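To begin, one chain is listed below as structure tokens, in the form predicted on its own.
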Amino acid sequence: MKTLIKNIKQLVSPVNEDYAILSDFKRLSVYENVSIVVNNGIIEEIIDNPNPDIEVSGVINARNRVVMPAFVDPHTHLVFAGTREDEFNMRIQGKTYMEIAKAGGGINSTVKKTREASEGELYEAAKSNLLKMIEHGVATFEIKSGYGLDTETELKQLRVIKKLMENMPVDIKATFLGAHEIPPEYREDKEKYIEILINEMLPAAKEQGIAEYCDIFCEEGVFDVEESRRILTKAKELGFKIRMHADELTPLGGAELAAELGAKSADHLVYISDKGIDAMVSKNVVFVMLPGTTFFLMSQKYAPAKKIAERGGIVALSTDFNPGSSYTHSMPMIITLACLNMGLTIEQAINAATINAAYSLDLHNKTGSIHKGKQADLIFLDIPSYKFLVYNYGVNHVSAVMKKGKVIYQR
């Protein structure tokens, strides 16, 4: 089917088709009053005005809206049971992490509920949250396990992600995150849990073919650099691609390890060292920034996105949607936080939430920009210009979302 999308007020896209760095990271291609021809879900051409000689099967009226690539969210924890608003309220009141944990809060509260939940319950909860994120313009997702911390529940989470892949009208990449935390039953014997990860969980996830990436929380008090190297080396040997939670709370050297192992991305990076930045830049490891997490945890220290961009790093943005440290469905809000608290320009933040995020998931050849030959993954924004998206914050301006040429959400 060939479709004409007409009456586009402003068409906005990253300049590059693969990823944006340095001067290209600061720019966007902006077209006024154009139309897009979509053929079987693929962008065929951008034309100045509807050409009467073009034969089309259907016409979509953009109604003078701004059209951009649909957002790509490269770091989410969508599959879990329960929420933690009581814990959030305790944090607002000044309670420490340890006080919250003693009161039954923290990641292990989510682990307990996720272990108890059925596969069907997890699927329905994840589907509900995913649909809300689509409403905010996301049409491509990375989803992690990590709230099971035992073989049975980790595989259960990954099966839920697979079911979402099969049933939801979006692109999804699955990540095994069994090394998200030390489960309570192995708190006094971390080595035993590492052996289970290496010898049982990773092989089982690989055998079932339900995860493309392996992630780890490389941090003081969780998995140190050497432990992370052991686990991720095994993952690589099994054929997993690597992602990492790195240098979020301390300058541990996770970024350097990500570069050493050829990871696709290292995420958080609040305390990344200059050496870590240079190492990741040299290996094209994507810097996934999560400003919503810093904001939600009431910290004043954000990852140095501006410095990373100036050094030629591939900077991406994500919601880090999860029940404990970033319970938001809104990528537009994340873009605003990146501009206000990380020093990114509007153009840089949009590049980070589209083409660079797509590159971090090996999907830049399909999505993340509006170029001939790519999927028609588009959002329609009821705003006067793309800059208004960031300026008028805390409001959802997405009026429609298109995936592969089909409207999957319309307000």
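Note that residue numbering begins at 1 and tracks the sequence as displayed. Please read all numbers here as calculations on a predicted model, not as lab measurements.
Note that the form predicted in complex with N-(iminomethyl)-L-glutamic acid (NIG) isn't included here; everything after this is about it.
K.L.:
Heavy atoms within 4.5 Å of N-(iminomethyl)-L-glutamic acid (NIG) in the model of the complex: which stretch among 224 to 232, 252 to 260, 148 to 156, 316 to 324?
P.N.:
The contacting stretch is 316 to 324.
K.L.:
Ok, H180, K173, K264, H136: which has a heavy atom sitting within 4.5 Å of N-(iminomethyl)-L-glutamic acid (NIG) in the model of the complex?
P.N.:
Selected residue: H180.
K.L.:
Give a yes or no on whether every one of R65, D382 and K404 sits within 4.5 angstroms of N-(iminomethyl)-L-glutamic acid (NIG) in the model of the complex by heavy atom.
P.N.:
Spot residues vs N-(iminomethyl)-L-glutamic acid (NIG): no contact at all.
K.L.:
Is there a non-hydrogen atom of I107 within 4.5 angstroms of a non-hydrogen atom of N-(iminomethyl)-L-glutamic acid (NIG) in the model of the complex?
P.N.:
Yes, I107 sits close enough to N-(iminomethyl)-L-glutamic acid (NIG) in the model of the complex that at least one of its heavy atoms falls within 4.5 Å.
K.L.:
Indicate whether N-(iminomethyl)-L-glutamic acid (NIG) has at least one heavy atom within 4.5 Å of a heavy atom of R243 in the model of the complex.
P.N.:
So R243 does not count as contacting N-(iminomethyl)-L-glutamic acid (NIG).
K.L.:
When the contact criterion is heavy atoms within 4.5 Å, does D247 count as touching N-(iminomethyl)-L-glutamic acid (NIG) in the model of the complex?
P.N.:
D247: no contact with N-(iminomethyl)-L-glutamic acid (NIG) in the model of the complex.
K.L.:
Find out whether any non-hydrogen atom of T114 is located within 4.5 angstroms of N-(iminomethyl)-L-glutamic acid (NIG) in the model of the complex, and reply yes or no.
P.N.:
No.
K.L.:
With the partner left out here, which residues of 258 to 285 have a non-hydrogen atom within 4.5 Å of N-(iminomethyl)-L-glutamic acid (NIG) in the model of the complex?
P.N.:
Contacts from 258 to 285: just H268.
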